[in-house]
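Presented as C-alpha cells, the chain that follows is alone, the form predicted on its own.
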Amino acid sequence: MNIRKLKRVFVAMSGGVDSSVAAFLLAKNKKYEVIGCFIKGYNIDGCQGADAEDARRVAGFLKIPFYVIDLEKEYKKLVVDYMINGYKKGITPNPDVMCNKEIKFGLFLEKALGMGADYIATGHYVRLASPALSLYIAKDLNKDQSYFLWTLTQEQLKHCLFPIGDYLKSEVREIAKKAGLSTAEKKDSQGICFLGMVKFKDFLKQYLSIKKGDVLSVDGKKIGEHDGVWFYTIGQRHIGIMNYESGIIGRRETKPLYIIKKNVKKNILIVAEGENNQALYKKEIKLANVNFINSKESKEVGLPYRCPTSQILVRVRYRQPLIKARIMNNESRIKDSPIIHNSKFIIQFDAPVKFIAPGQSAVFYGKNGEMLGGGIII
C-alpha cells in the first residue's frame, strides 16, 4: 500500500511577491509537496496574462508543478455580477470578500481537494492558530488582510495555510530578494483586481446607464445633479459638483460635500457639508449574513463562545482602526435565543463612526487580535 508521506499543498500563485514567497517557504519545508496554481479569473484589460507568466516563472524557479485553474465563468457570475447587482441596488458591495468566499476558499479549495490536496495556501497577510483554527490579525498591521476573510468556516480553515502571516511586508520582499525570486521587486496591485487599469466608473457604465438625478443638501435644497445613484457610495466626496451654496472665492471651494444618503427609487443623492458634519456619523448599524469563525455558541449571550461578553472591536472599512462596540442578536434580543447565522445583528459603537456604507463588511475582533467573524452592513 503506497502511503503518501508529504502533505500536498496547492498554492494560489497570483504572480505577485506575496504568493511567490508563500510558495517558496512551503517548498523549503520538507513536510510538504508543493504545487503552484494560477487561478484564471475574469479580467478586462489583459494584465492577467502577464501575472500568470510571472507565477509560472516562479514555479519553474522553485521546481514545483504548475497548473492554471480556469474559473473565469464562475468569477464573472459570483464576483463581478454580484458587484454590479449590488451597485444597481444602491449599495457598495465588496468584491474582494466575495472572491475569497466563492473563488479562492470556495471553488479553488474544492478543486484542489478533488485533485488530492491536503491544503491550499495563499499569500494573505493573516495568522492561523492551531488546533483551534482561529484567525488573527497579521504581524504587519499595515498589510493585514483579515478584513477580507471573515466568511471563512472551520471546515475551510482546516485545509488552509497562510505562510506569510508572521512576516512584515519588508521581510517578505527581503526573503524574495535573497531567494532570487523574479517577483521580488514587483509592485503591489491596486484597486479591484479584475479591472486592471480600467477606471471603475467606466466599467460600471457598461452595465448601468447614466440617469441624471438631483443632489440635495440635508435641508432638501437642490445644489446640483449627478449621473445616477449607482455610481456613488456613502462618504464619497468628489461627485462632480461645486459647493456653491457656501459661496466660492475664486476657484477655492469653501467646504467639501460628502454623500450621506442615497435614494435609489427617486435617484437622489443627499450630501452634507464639511468632514465633521454630524450627518456623516452613525452610532448603530444592522448586519445580515453574519458568520462567526468559530461556530460554537454560548446561549447565555447568544454569541460565539470565544466572545464571552458582547463587547467587541469592529472594523467597517479596510485598514480602519478598530473601534469599540457591542454586538447583539436583533432577532429577539432574548438572553437564551440561539444563533441563526443569516439572521440580522445590531452593532452599537461606543462612539459614532462616519462613512458607513451599506453593502460593505463589518468585521469583529477580540482584544487579543482574534477575528471573531463579520457580516454585511444593511
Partner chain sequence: MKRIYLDYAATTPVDPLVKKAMEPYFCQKFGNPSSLHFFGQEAMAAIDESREKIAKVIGANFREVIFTGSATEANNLALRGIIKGFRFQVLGFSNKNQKYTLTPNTQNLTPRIIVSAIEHESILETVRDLESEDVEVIYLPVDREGLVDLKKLKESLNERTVLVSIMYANNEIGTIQPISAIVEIVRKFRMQNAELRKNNSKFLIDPLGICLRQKHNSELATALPLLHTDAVQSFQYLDCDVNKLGVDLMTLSSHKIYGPKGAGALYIRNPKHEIRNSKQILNTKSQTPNKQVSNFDIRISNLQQLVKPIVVGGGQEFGFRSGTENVAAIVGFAKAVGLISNSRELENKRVKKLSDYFWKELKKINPKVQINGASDVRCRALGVNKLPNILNIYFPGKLSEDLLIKLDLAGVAVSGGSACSARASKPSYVLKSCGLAENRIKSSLRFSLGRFTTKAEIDEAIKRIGPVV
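Numbering follows the first chain given and starts at 1. All values reported here derive from a predicted model rather than from experimental measurement.
The form predicted in complex with the partner chain is left out here; the points below concern that form.
The candidate spot formed by Ala22, Lys30 and Gly60 lies out of contact with the partner chain in the predicted complex, as no residue has a heavy atom within 4.5 Å of it. Scanning Lys111, Lys89, Lys286, His159 against the partner chain in the predicted complex with a 4.5 Å heavy atom cut-off leaves one residue, Lys111. Among Val316, Ala52, Ile312, Leu26, the residue placing a heavy atom within 4.5 Å of the partner chain in the predicted complex is Ala52. Not displayed here, the partner chain is kept clear of Arg326 by more than 4.5 Å at the level of heavy atoms in the predicted complex. Contact check for Phe345: no non-hydrogen atom falls within 4.5 Å of the partner chain in the predicted complex. Contact annotation for Phe66: at least one heavy atom lies within 4.5 Å of the partner chain in the predicted complex. For Val198, no non-hydrogen atom is located within 4.5 Å of the partner chain in the predicted complex, even though that partner is not displayed.
Partner proximity in the predicted complex, defined as non-hydrogen atoms within 4.5 angstroms of the partner chain, places exactly one of 67-75, 275-283, 119-127, 209-217 at the interface: 67-75.
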